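One chain comes next, on its own, written out as structure tokens in the form predicted alone.
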């Protein structure tokens, strides 16, 4: 785990930044502005056309995958320090980052296969 620790910290930091800067915009739009009629909701056809653009797919990939690594890192250290499960260090790391990698792979697969 020691050799990839800097990479994991980089993914943690990038995921926290993405979650802090981009999630609130999406939550306000989809949770308030569209349902309350402040803005006109985009049509299905428009959203589908938008999803066919490679930059939008990359944006969604980043929006979904990086916060997964942020979660994995935080959850890992919550289990270590909060619940004092230091004796399960390797297992917790493999499970947490494994879930993040699996979620990233599923995101990539789904975004790649949008018709």
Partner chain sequence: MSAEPHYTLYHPRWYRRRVSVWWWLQNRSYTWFVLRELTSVFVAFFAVVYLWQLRALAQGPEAYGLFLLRLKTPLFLALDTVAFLFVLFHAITWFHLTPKAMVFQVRGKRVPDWVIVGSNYAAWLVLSGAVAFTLLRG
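All of these numbers come straight from a predicted model, not from anything done at the bench. Numbering follows the first chain given and starts at 1.
Only in words, not in the display: the form predicted together with the partner chain, which the text now covers.
Among residues of the shown chain, residue 58 is not one whose heavy atoms approach the partner chain to within 4.5 Å in the model of the complex. For residue 20, a non-hydrogen atom is located within 4.5 Å of the partner chain in the model of the complex, even though that partner is not displayed. Taking the partner from elsewhere, residue 90 is found to have every heavy atom lying beyond 4.5 Å of the partner chain in the model of the complex. A residue is said to contact a partner when one of its heavy atoms sits within 4.5 Å of a partner heavy atom; residue 52 fails this definition for the partner chain in the model of the complex, lying far away. Contacts between 81-115 and the partner chain, taken as any heavy atom within 4.5 Å in the model of the complex, involve 81, 82, 83, 84, 103, 106, 107, 110, 111, 114.
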